[in-house]
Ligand code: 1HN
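Take a look at this single chain, the form predicted alone, given in C-alpha cells.
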C-alpha cells in the first residue's frame, strides 16, 4: 500500500474512533513499555542553608495551628505543582516553634519523620508521645491519630516523608481532623520501644498498627552506635559504606508497608562505586560532608552535601557517594511496594 494512503487511512481511523474513547496502542507502545525505566523526575539537591531562612519566614507568616502542618514541600523540579519528590513519594521540611501545637488528625497516608534540627519537640501517635532528637526516625502509621507540639527553647525541624502520590494514584486517600488539638496521652514515653524494641515480642502479639512496625520511634543514638561498631568490625562495602535498613521487629520487613528506610555511614575518605536501583530515593544528611554524583547517559549532577541537606536520586539513575569526613545519611524509598510486585531491580557496576 502507498505510504501516503496508509497514513491517511490511519489518520481517518484515529479521528473516527476518538469520540468512542478509543486510541491505538501501536502509537504509544514503546512509551508504555520502555526498554528501561525512563523517569520524568530529575536529581535535585536542597541545601539547608538556603532552605532554612524560608522555614523561619514561614514561622513568622503562619502559625502551626493555622497551617495544620507548617511544611515547605520539596518538589522535584520536573514535577512542579504535583507535591511530589518522586512519582510515588512526597517530602517536606516541617517547622514547629516553642509552645506551638500542630493539631491532631489522621489519614490513610503513611508518614515518617526524620529530625533535622533541634530537640525538645514531640510527636504523639495513638496515645503515646515521643520526644524528638536529631537523627531520630519516627513513624506515623496509616490512619492513626497524631499531633505535634514543642516544649523546646528554639525551632525544631524535621523531614516528612509520605506515600501521598502513591495513594493518590490508587484514589485511596482519606483524612479526618481530631476534635481536640492534642490527643490524650495514655501510655508512658518509650512504651512501644520497651514492648517491641528488644528483639522480643509480647507472647500474644496483636500487631497494633497492622503491617506497620509496632515501634514508632527509632532513636538515632542506638542506630548510630550500630553503624560505628560495624565500621570497625567488618569490611566496608564498596558501594554503600556501612548501610543498614530499619525493620519491623515483628516481620523483619520494612517498618512501613509502602516505604523503606535506611541509615548508612561513609567513612572518611570513602569513594564509592556507582550503582542504580529502580526505587528512587530521598536522602537526608545527618553528619559530615561528602559528594553525591548522579548520572544518566551523558548527563551528570554533582552535589556537595553537608549536614541537614536533602537530595533525591530518581529511579535508575546512577549514584556514587564519597565522604570528606565520616558522613551519615538517612534515606527512604518505595522499595517495599516494588518488591511486593516483584519488579525491584538493582545494578552494581563492578
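Positions refer to the first chain, counted from 1. The structure presented is a predicted model; accordingly, all values stated were derived computationally and were not measured.
Same protein, other form: the form predicted in complex with the ligand, not shown, and the subject of what follows.
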Has each of 113, 148 and 164 got a heavy atom lying within 4.5 angstroms of the ligand in the predicted bound form? yes
Exactly one of 136, 160, 75, 128 comes within 4.5 Å of the ligand in the predicted bound form through a heavy atom, and that residue is 160
As a check of understanding, the residue in 245, 105, 168, 187 with any heavy atom within 4.5 Å of the ligand in the predicted bound form should be identified as 105
May I ask you to check whether residue 94 falls inside a 4.5 Å heavy atom distance of the ligand in the predicted bound form? yes
Checklist line | Contact of residue 90 with the ligand in the predicted bound form (heavy atom, 4.5 Å) | finding: yes
Would residue 57 count as a contact of the ligand in the predicted bound form, using a 4.5 angstroms cut-off between non-hydrogen atoms?
no
Answer among 200-208, 214-222, 105-113, 245-253 for heavy atoms within 4.5 Å of the ligand in the predicted bound form: the stretch 105-113
Within 230-265, the residues having any heavy atom within 4.5 Å of the ligand in the predicted bound form are none
